[in-house]
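Next up is one chain by itself, shown in structure tokens, the form predicted alone.
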């Protein structure tokens, strides 16, 4: 990683320096070219101006020389007389004196004399026409060469002709002119073919592999039809060649600087990437679960990054320890949780001889009442105290909280020691607790499974210990039980029955049977009690004592109870209006907030009058919360239905309940009816109950009447209604009408 990052940084900074150097060299070269071109252009302008100055001077000198000759009396006389030899002699004399290239006489009649060699007839004619047109000076091209020409008029006093003096402007003369400038220009006078006006023009051309800068401008000519250009040339290539040493020196310094920059970038990159590489290695170790810190002494950004990384690593490790602890421990008590418990069971089973341990599952008796009455904070504090007491009771055991008020303990003991440990646990948790200023008395039920006979894995051992716990609670709480194989079979059967019961309602396997209640004063059937029956397709008729408690434990009693209410009201709606229907309400149903709505819906759908519906409740409802129970009873009474207290005398009856809520009826439990013929005291109890009911304005119904002797005693003691096999067993709804007819016939016959 280090070499890669170092190489990348080196390449980047090296390339950046090379790019900057190249741009600098390119910019320098362009600047030199621009400077050289500007200098050349300036010198060309100087050369052009110099040519103008020299041309003016030459024209002036030629003109003065011509005026000297034209003003000579002898020359004018020779012109007047047509003395050609004299004219030519004079011209020749002045030509030598003024170092002229040509001296020519032009007469007004067009005759010419003097140095006319290599001047064509056309050129002679053009010269005459120009002079005749008034032209005095200018450039003329004769015999392929340019000449500076100036003319002087010969007058005596009339115009007789012109003296024309010319000086050659060939390459040699132009070159001499170029030497007057600071650069080696190559001036030329060339004819121009087009006739348009031309200012100063500069262009660059390629000639013989060289860049040539050319400037051209028009010069004044004697013959207007001819156009002459002054062309100045200079080689940019030659001009830039003088700067080559500077460019090569810059290139050399750039190359040396590039090497230095690359080496420096390499060293700086290595120093810069070392702590980054250290961070990367440390990050890999941390990701692999190892502890790692980076030692960086610098105070720059990388040093701050390293210190932040070290703080992050420490924070992550702290959080991982916290998360690991939370994953395997209970946040409230600090005990192990179910996950860690299962791991410990698996480890105990794998250890040599590790099969000799006992697993205890326990929960608190009546813990829900503590939460409901004292609040959840007190309940949580109680659980912490329980955890402490369990640790004190089993100091060598592995203790876990499974959730809620459920705990589990692993103890390396045999069966005898496990029995003693179970008794110790029940005794320890049976002692009162002092929590948040409250004295709380609770107890525990304990289930015990032994390894390996009760299971060879954590799942089996926990399940079997739970089954033993269920048996301990079922047998009266505050006790401990060992797992037995029959418990598993019972649990499987219970589970199968639960599954079947869940589908029984949808499959139409549930039905209602009705047992009549005979009014002794009316001497007729005044009501029927609806009794739930389950006709299983395989088991046959299942006893209510088997499936009603199961329905209450699983919560299935809520939908089943709702169906019973609707069905009972529907069937009762088909009977005579003076016959009531009694329906038992389970404590689980009673605590359901929707009970009032269910009752109203059942009455509305069936059209049954509210006073014909009698709801039977048991005394166990008053155990948990008397005030809430009484409030619910009053809300039911407000609907117009009757309320009866079932199995009166067998539970936690209190006269205060009867005073607080005026029940419509008290149903005397069958246990008192059975004892009527065997114990004299039973009759006194019946008498006391009926007297109490009469005093409070309540009806009484005796359950389980099976003989006429019992009937006579109950009639004598003032009981209002009787219910039992003496008159009829519970029957299907389809047989109710036949039963009523039969009882009416008996009554008529009597």
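Everything numeric in this text was worked out from a predicted model, so none of it was measured. Positions refer to the first chain, counted from 1.
Beyond what is shown, the protein has a form predicted together with a small molecule; the following relates to that form.
For the options 664, 647, 567, 123, the residue carrying a heavy atom within 4.5 angstroms of the small molecule in the predicted bound form is 647.
Of the listed positions (616, 406, 562, 72), a single one reaches within 4.5 angstroms of the small molecule by any non-hydrogen atom in the predicted bound form, namely 616.
Note that among 434-442, 543-551, 603-611, 136-144, the stretch whose heavy atoms approach the small molecule to within 4.5 Å in the predicted bound form is 543-551. In the predicted bound form, the small molecule lies within 4.5 Å of some heavy atom of residue 725. When contacts are judged by a 4.5 Å heavy atom cut-off, residue 584 counts as touching the small molecule in the predicted bound form. In the predicted bound form, no heavy atom of residue 33 sits within 4.5 Å of the small molecule. Among heavy atoms of residue 699, none comes within 4.5 Å of the small molecule in the predicted bound form.
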